[in-house]
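Next up: a single chain in structure tokens, the form predicted alone.
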């Protein structure tokens, strides 16, 4: 007696599903190893004595501190200017919106050395905006301000995108209910929309901060000095070789890993509370 066609299909489906899982698992493991092995080797197999010396080296500490500080300033500026734009993208329709949303992401795909040159043509002391800032005592070439705008330019799309998607997940009807109960638009945003979206916005801010800390190309064009950590790694590698560059690189990887863990924790809590 022949088997029912449905049972044959289910058998084929199970067999095909298992082979699909095995192939995808193998391919996924390969890319995971490609990403994780260099990072883990850098951190866990680096010379512990050299790592300890790097943690006590004034130049290394100053460079890492400057990197963290400049990235925090860039993130604060990105938050103040980027979150309102993200809200407009999420809640309003206007001509050219799709084009603008695409343009916002351009700094992510543009080569960052090219981004640095583009910024130089705006904020350099020989150009209009740069001259205007210089007149009030702010110079961007080889200065903290130059580091900040370079970090801001390449990393703020991350925050804007995260905030935009977070605002879109907040039901607009909740804002309308708040308005019908007498809340102003500002009150509806502050008491309803932002509290429901803040975890993703904070996660985007942390990712922006981490991305800013890792920036090299745009920063080196605008501000080779003072020296941020990515440039210090490059200097140590060029001058002294791999052994001197590894400790600074390992410290930056550990800081980035902590940020990543924090972001993932926030996102898991958001999803659990959804």
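Positions refer to the first chain, counted from 1. Just so you know, these numbers come straight off a predicted model, no measurement behind them.
Keep in mind that the form predicted in complex with another copy of the chain is not shown, yet the notes after this line are about it.
Within this chain, residue 234 lines the site of another copy of the chain in the predicted bound form, having a heavy atom no more than 4.5 Å away. Taking the partner from elsewhere, residue 131 is found to have every heavy atom lying beyond 4.5 Å of another copy of the chain in the predicted bound form.
In the predicted bound form, at least one heavy atom of residue 152 sits within 4.5 Å of another copy of the chain. Residue contact with another copy of the chain in the predicted bound form: residue 32 places a heavy atom within 4.5 Å of it. Annotation for 114-128: interface residues with another copy of the chain in the predicted bound form are 114, 117, 118, 119, 120, 121, 122, 123, 127 [heavy atom within 4.5 Å].
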